[in-house]
Structures are given as C-alpha cells and as structure tokens.
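Presented below, as structure tokens, is a lone chain in the form predicted alone.
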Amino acid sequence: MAGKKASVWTSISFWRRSAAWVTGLATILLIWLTFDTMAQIRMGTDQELKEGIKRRIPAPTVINYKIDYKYDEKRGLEAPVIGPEKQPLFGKELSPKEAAALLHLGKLTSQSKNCMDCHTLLGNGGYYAPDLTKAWLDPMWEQTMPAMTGKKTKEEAMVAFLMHPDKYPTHARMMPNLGITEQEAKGLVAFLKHMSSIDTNGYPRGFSKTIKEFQTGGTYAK
C-alpha cells in the first residue's frame, strides 16, 4: 500500500490550487461584469440625444421628445423609440439643468409618497396597483383622462389625477389622496415619462400589444 499512487481527487494541494484558480477567475469575471453594468446603466447626455445615439437610460432631456414603444423584430422584444420629433412637457422645452431638477423632484416624490408600496417600478415594488414602468405610454392618459379631468393635454390630466385621485375613479383599487402638490405632480409626470424611455429589455412584456389593442378597439396579435 505504501507504493500506491494517491488519486489526484484526494489530493489536498490539488483542491487548494483549484479553489485559488476558481476564486481568481470569478473575481475577474465579477470585475468585468461590474464595469459592463456601469457602462450599461450610465445615463446618457443631451448631446447624445441630439445626435440620435441610443442609451439604455437616456438623458433627462428625453422628456422633451416624443416617446413610443414598439416591437423590435431584430431583438425579438419591445423597445422604446425616441423622437426625432419634439414633444415637450407642459408646452415648454426644458434645458438639461431644468429637466434634471424636475426628474429629481419626481424621483424624491415617488420615494416620499411610497409609490412602490402599491406600484411596480422597473420590476420592483408592489403588485396591488398597476405597473408604472411604462405608464406614460398608456393610451388612457391621452384618450380618456383629458376629457375626464377637463384638461387639454395628457400631462395636465396626469397632474390633475395625481393631485386628486379620489375625484377620478379609474381603477377598482382606487388610489388614495396622498396630498401631492402641483409641482410634485409635475415632477412625477416627468419621472414617469423618463422611465418610459428606459430600455428595459422588453419589460413589462406585451405592453406594446396592450397599446395596440386600445388604439384599434380590439384584440391585437403580433
């Protein structure tokens, strides 16, 4: 037995070296993934928008553009379509500084009012109320809510609803009155429009089909 060669699988040194190699490779992979993710989630610039350069997260000034959501045959999923035509909020084209400030207010308002207690944002949050990831694109705001609220534009209708949701029963699970001010409501609308421009790899699934069904008044099959 003394001259019998031990199996490599029972060698302590072999497993130590293997563990060191696996740990090293995993560390390198994690570092690469971290830098790749940071590049993917970096917010774009106003200049990139003007030049038509696509970013997963466009610059705050994307709220000055028309945003659509369509099925991308090449990718096999739904993706935002930005511009090139302008569609500024509340009839005013905002500067990069103004747009960033309004988005910041909207984000802080969504956090302070605990929107995610009931709603889902970018896959996170509650499932009691509708998903808000692409809420800006919901045809209801353009085709139904202006008449219901007595406003001329979808963004004005959204502001009116957010300030007094109890006046406009649009859903079986009614939104409570959270005491949102007019400026906070405008910030939330800007935040929702910007969020609709984010490339979420087709999330939520089937949303563009819902839009098509609403527009055609029937069932839409891709």
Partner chain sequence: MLNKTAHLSPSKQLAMNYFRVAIVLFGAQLLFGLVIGLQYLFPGFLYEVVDFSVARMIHINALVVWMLYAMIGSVYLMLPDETGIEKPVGMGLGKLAFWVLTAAVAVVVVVFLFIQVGPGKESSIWFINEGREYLEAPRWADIGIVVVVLIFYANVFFTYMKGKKTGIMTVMVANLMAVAGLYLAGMFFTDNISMDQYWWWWVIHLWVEATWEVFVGTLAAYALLRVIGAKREIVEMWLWIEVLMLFGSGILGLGHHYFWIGTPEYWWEIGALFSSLEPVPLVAMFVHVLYDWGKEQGAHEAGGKGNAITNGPTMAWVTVNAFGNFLGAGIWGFFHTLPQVNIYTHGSQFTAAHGHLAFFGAYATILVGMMYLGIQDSYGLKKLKATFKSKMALFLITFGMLGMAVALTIAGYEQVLVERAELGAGWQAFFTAQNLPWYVQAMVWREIMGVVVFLGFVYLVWDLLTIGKVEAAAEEA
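Residue numbers count along the first chain shown, from 1. Everything numeric in this text was worked out from a predicted model, so none of it was measured.
Unshown form predicted in complex with the partner chain; subsequent notes refer to it.
- Residue-level contacts in the predicted bound form: of Gln143, Gln111, Ser95, Gln87, one residue has a heavy atom within 4.5 Å of the partner chain, and it is Gln111.
- Thr170 belongs to the set of residues with a heavy atom inside 4.5 Å of the partner chain in the predicted bound form.
- Among heavy atoms of Arg42, some come within 4.5 Å of the partner chain in the predicted bound form.
- The partner chain in the predicted bound form comes within 4.5 Å of no heavy atom belonging to Glu182.
- In the predicted bound form, the partner chain sits within 4.5 Å of a heavy atom belonging to Leu30.
- Contact residues in stretch 47 to 81 (any heavy atom within 4.5 Å of the partner chain, taken in the predicted bound form) are Arg56, Ile57, Arg75, Leu77.
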